[in-house]
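In C-alpha cells, the next block holds one chain alone, the form predicted alone.
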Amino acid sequence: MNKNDIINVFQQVLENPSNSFIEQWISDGGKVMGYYCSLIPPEIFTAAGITPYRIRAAGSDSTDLADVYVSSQLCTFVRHMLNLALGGQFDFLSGIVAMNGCDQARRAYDIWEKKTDIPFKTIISVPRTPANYNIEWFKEELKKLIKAIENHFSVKITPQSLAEAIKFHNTTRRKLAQFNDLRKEPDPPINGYEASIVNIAAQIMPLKDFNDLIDKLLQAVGKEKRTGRYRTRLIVSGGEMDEPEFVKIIEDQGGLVVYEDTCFGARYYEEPVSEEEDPLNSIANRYFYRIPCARMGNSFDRRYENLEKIYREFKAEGIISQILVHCILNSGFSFQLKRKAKTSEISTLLLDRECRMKGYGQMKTRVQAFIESIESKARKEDKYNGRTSK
C-alpha cells in the first residue's frame, strides 16, 4: 500500500459515526465505550478490554432532533452529536462516559441519559483548576468510573491491566508523534489535511488496527516528498475540530497547516503517561497537569507559552484560532489571544465557524487575506534586512 491508499482507508473511517473496523470488533464480541472529551482517559476503557471511541459529529447534516430539546444558541458540535445520538447513530456503543467539559455538553448528557438506548451511561466531574489540592478529587472520580465499569461489565480493572493499557496507548502516541514530527520538515511528505485525517482516525478505531496501519504509513511516507507548493506555514488552534475539511479549506488557499493545537489533534497524542509510577496516579497526573485546554481556569499563559514553543519548533509563520460559534470557553481564550496578538510578533487570525458547515466562502476570503498579510509582512522584513524576498 502506498501513502494515498492508506490515507484513503483512514478517510473512510471518518465518514460516518461507525466504521468497518469498529463493526468487525463488535462482530467478534468486542465492546465499545464512547467518550467526548480529551480529559477522559481512554486507558481505563482499554484496561477493561473495551475499545475507546471518541464521539464526533461526522455524518450529521441537521440538528432537527436535537433542537427539540436544546436551544439553537448551543454550539453546533454539541447539537450535531446529540442529533446523531437521538437518531440512533451511536447505538453500536456499549456505553458512554461524559464529563463537565462545558455546561452545554454537560446538559446534553442529561438528554443522552434519558433519550438513548445505550446500555451504560455515566458522567465524571473534573476540577476546573489544575491545582495540587484538586488532584485527589480527580483521582476519586476516576476510581468511581473504574468501579462503575467493573460493576456493569463484570470485569476487573487491575493495576497490571492499567499499566498494560498505558503502554499500549503510549505506543500509539509515539507513532503519532513520529508521524506529525515529519511536518517540521521544510518540504514535508504529508500536509495538514492528511495528518488531521490520521490523528482523528486514531481516536475512533481499535488501536491495534490503527497501529498496524500507521506503521505501514510511516514506511510509505519515508519514500515520498511533497510535490505541492505552499505560501506560508500555519498552526490551527482552538477546541473541537473534527473536520479535516476545515484544514483543507486553509490549504486550498495556499497555507500549509503544520500542527493542530486542538482536542482532536495534538492534545490526544502529546505528553505520554508515565510508565514508572502507580498506574492510576500516572493517568491522573497526565490528564490533570498536561498543557491545559480552554475549560481549565487560569490556563491562558501556560497555553500561549506552549503555542509559542510549537510555533518555533514547526517553523510556523502564523496561527489560526478557530472557535465554534457559541463556544463560551474557547471564546474566552480567543478574547485573550486577540489582546495578546496586538503586542505579539506572531500573526494571528481569529476565525468563527459552525460545525459541519457547508458554505466556506467567507472563510476562504479571510484565510486568503490572512496569508497575504503574512507574505506582505515577510516582504517588508526582507526589505528592511536587505534580503531578497522568497
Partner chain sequence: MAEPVNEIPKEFAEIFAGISRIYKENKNNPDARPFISWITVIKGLLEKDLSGIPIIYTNLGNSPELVLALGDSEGEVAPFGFEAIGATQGFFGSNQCNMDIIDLIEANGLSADVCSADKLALGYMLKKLLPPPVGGVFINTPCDSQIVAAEGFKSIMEVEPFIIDVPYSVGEKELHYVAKQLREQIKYLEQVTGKKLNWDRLKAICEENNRMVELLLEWSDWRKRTPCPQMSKVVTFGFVLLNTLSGTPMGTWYASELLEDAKERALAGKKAVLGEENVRAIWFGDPIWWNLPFYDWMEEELGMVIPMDLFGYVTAEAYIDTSSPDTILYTFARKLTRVMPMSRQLTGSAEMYIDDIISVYNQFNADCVIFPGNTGCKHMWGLLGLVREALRELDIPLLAFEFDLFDPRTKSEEDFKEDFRRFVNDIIIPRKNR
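Remember, predicted model here, so these are calculated numbers, not experimental data. Positions refer to the first chain, counted from 1.
Unshown form predicted together with its partner chain; subsequent notes refer to it.
- Although the partner is absent from the chain shown here, 125, 134 and 332 each have a heavy atom within 4.5 Å of its partner chain in the model of the complex.
- Across the options 71 to 79, 160 to 168, 207 to 215, 261 to 269, residues that bring heavy atoms within 4.5 Å of its partner chain in the model of the complex belong to 71 to 79.
- Its partner chain in the model of the complex comes within 4.5 Å of a heavy atom belonging to residue 114.
- In the model of the complex, its partner chain lies within 4.5 Å of some heavy atom of residue 326.
- Its partner chain in the model of the complex is approached by residue 296, whose closest heavy atom lies within 4.5 angstroms of it.
- In the model of the complex, its partner chain lies farther than 4.5 Å from every heavy atom of residue 281.
- The listed set 344, 336, 62, 365 contains one residue whose heavy atoms approach its partner chain in the model of the complex to within 4.5 Å, identified as 336.
- Residue-level contacts in the model of the complex: of 103, 275, 185, 305, one residue has a heavy atom within 4.5 Å of its partner chain, and it is 103.
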